[in-house]
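Only one chain is given next, in structure tokens, and it is the form predicted alone.
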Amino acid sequence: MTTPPQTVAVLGTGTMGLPMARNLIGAGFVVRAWNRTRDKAGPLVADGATVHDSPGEAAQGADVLLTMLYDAAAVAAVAPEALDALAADAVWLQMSTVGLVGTEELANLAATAGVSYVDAPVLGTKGPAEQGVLTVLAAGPEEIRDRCAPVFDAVGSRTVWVDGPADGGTRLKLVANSWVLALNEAVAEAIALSERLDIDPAVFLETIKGGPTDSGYAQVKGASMIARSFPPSFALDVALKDAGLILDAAAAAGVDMAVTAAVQRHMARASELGHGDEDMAATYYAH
């Protein structure tokens, strides 16, 4: 007997959720989608998904719940309705970046509903999401990891299972994002300084190219800053939210994150100047 494909309810079809849902469809999953703004989920119909008017409708009878929403509050607002509608023995893959406090809150909702919870934020932006090459940072019970693997393989090229704390995926995501935000800010400073010292910033990028201080972020974000072109791959306001989550975790752990604090200030300034919906490289405007 042929095993029917798993049904995945995808809640959140924005910059990341939409391509993730498409890759799930391409991998043979049945996808039921919901988004607060229905029009953003509409394109998935042509790919073979069904789009629903409520989280509960999307989750009805689903084997897997996948959440990819802005923050913990957005997830918590829809999770109870969705959790109540899932199939017996369903798994919740919480893939939004929600911080440590948010992760604890959501894990408690799952426990109350009797649904297995996997903390699984991702590394990667719009392009990797479209290409299905995200890195999944996962933490969850050993006995359900095999069930998660096909979903993670559909949306990513690598899954890192973090043993130990139940929120290990989120902990690793905060560490990784602190590095990403610092790199982005360092590039913005170097480009701004170069221009104000009458040095062509393209010469700076060429100078470090291929050397030990080079990075893919330096070249990509630097070129974006020079061109003043900031199509959102990782929106500045989302990065600003993540900076706050990093600083909250650092404060609780007793770590002085002076660089991340400076990143947060500059991103907040750029957002106030009207660049919040642009790529995080638009932090350049704060300099």
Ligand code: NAP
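Residues carry their position along the shown sequence, with the first being 1. Every value quoted in this text rests on a predicted model; they were computed, and no experiment measured them.
Below: the form predicted together with the named molecule, not depicted.
The single contact residue among Leu205, Ala74, Leu83, Ala190, judged by any heavy atom lying within 4.5 Å of the named molecule in the predicted bound form, is Ala74.
Checked against the named molecule in the predicted bound form, the residues Gly132, Gly168, Pro201, Gly124 give one hit for a heavy atom within 4.5 Å, which is Gly124.
Picking from 254 to 262, 22 to 30, 36 to 44, 56 to 64 the stretch near the named molecule in the predicted bound form, with a 4.5 Å limit on heavy atoms, gives 36 to 44. The closest heavy atom approach of Tyr70 to the named molecule in the predicted bound form falls within 4.5 Å. Although the partner is absent from this view, Ser224 stays clear of the named molecule in the predicted bound form, with no non-hydrogen atom inside 4.5 angstroms. At the 4.5 Å threshold, heavy atoms of Lys241 reach the named molecule in the predicted bound form.
Interface membership of Met16, defined by any non-hydrogen atom within 4.5 Å of the named molecule in the predicted bound form, is confirmed. Applying a 4.5 Å heavy atom cutoff to the named molecule in the predicted bound form picks out Lys173 as the lone residue from 153 to 178.
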